[in-house]
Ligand SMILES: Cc1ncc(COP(=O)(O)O)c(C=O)c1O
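Okay, so here's just one chain, in structure tokens, the form predicted on its own.
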């Protein structure tokens, strides 16, 4: 029988391939950088969307027992992943809410992965936790929250809203016995991740009131007030009001200040989903539109949208950090050493995550390398582009949903007897074209299209290309009919 020491040494030699030599690392990195730079440099002249959904057997044929070269791996990605479907990194992606992925995101994530700092517990990664908590304090200041507020850097708006809703549930004492008497107030424009969070938080049997909206898709504050009063008189428990600071669908901002008034009167938790629109508060001419956001109990805001980072960084900010802690903290015996230091709040104690990506480094590095001013100017540019698009698209036969409040523009072709049919066909034609990616939505039974202008790579030439594409696609649809 093989000696145990010899076995260990033999296995060590076989597994040492997982620690590549310096020369191998350099060669791999050179190939990866070449691929990345080529991807970025050619983007300007490529389509934003390639409609390709046929079965790709290449994924079924992979044998993970066999190794391949870095060159072969990159060729596979180029052919089967990065050259089809929607390119979210493209400036021509103005269909959903894009971010784009500024370059320091990749460098920050690379360093985070290499150093592998554990950003979950202060005891294990004091520097990483301090870095992330400093970003949370800056974001609290940005939206007008007090210094003693706190939050968490999470994967996106879905988890951010979940953390807020579970915290609200516990803070307001909504136990299982009270769920079916508890009332939550939203609109049809509330992002669907809020409904998901309600279900996951065990509140699916609560009463979900869809408050009517005005003609700009904002919550009707007078109806909200009457609903709150009626529910209170019925012996129900109004406990959560959800406002939107820039809806995904229309870009509308609810009357946040008046909603905050009612939340205080009826002892409700007031949550604001500002995942898309929140960072526009930095623009002087738009700041007043967010009045009342600073009065919320919690705010969700996504740096991977309004600060143009790659996907994977959302933030929840909560005024009552004790409530956040009470909902999420658990103690395990094997973590007893980690509980001895409380210099900073540990992210693992205020979120569902224990093992977490050191995702704050991508934001910290971006802000330190660029400073804040280019981000403000970029947001201001996107708002100006939305105003420009809304005016110009009317010159080629489209009607709009009015001047955009942020950077989402609603529009549809109007010179047709059946607007819904024509605009549905037009969306299909746009997707076949693919030079610029646009999306559609249905509002009050009517077919509309959306231009969601937020990528840092979207500029005036992109919008002009979009207008040319729309004119071409209109002609093609007319020929089809």
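Every value quoted in this text rests on a predicted model; they were computed, and no experiment measured them. Positions refer to the first chain, counted from 1.
From this point on, the text means the form predicted together with the named molecule, which you will not see here.
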Triple contact flag 250, 382 and 463 to the named molecule in the predicted bound form, non-hydrogen atom at 4.5 angstroms = no
Among 158, 90, 182, 400, just one has a heavy atom within 4.5 Å of the named molecule in the predicted bound form, namely 158
Interface check vs the named molecule in the predicted bound form: of 171, 289, 321, 191, the one with a heavy atom inside 4.5 Å is 191
Are any of the heavy atoms in residue 97 no more than 4.5 Å from a heavy atom of the named molecule in the predicted bound form?
-> yes
Partner contact for residue 275 in the predicted bound form: the named molecule, 4.5 angstroms, heavy atom = yes
Distance check, residue 246 to the named molecule in the predicted bound form, heavy atom within 4.5 Å | yes
Can you check whether residue 302 is within 4.5 Å of the named molecule in the predicted bound form, heavy atom basis?
-> yes
Name the stretch, out of 302 to 310, 80 to 88, 118 to 126, 366 to 374, where some heavy atom lies within 4.5 Å of the named molecule in the predicted bound form.
-> 302 to 310
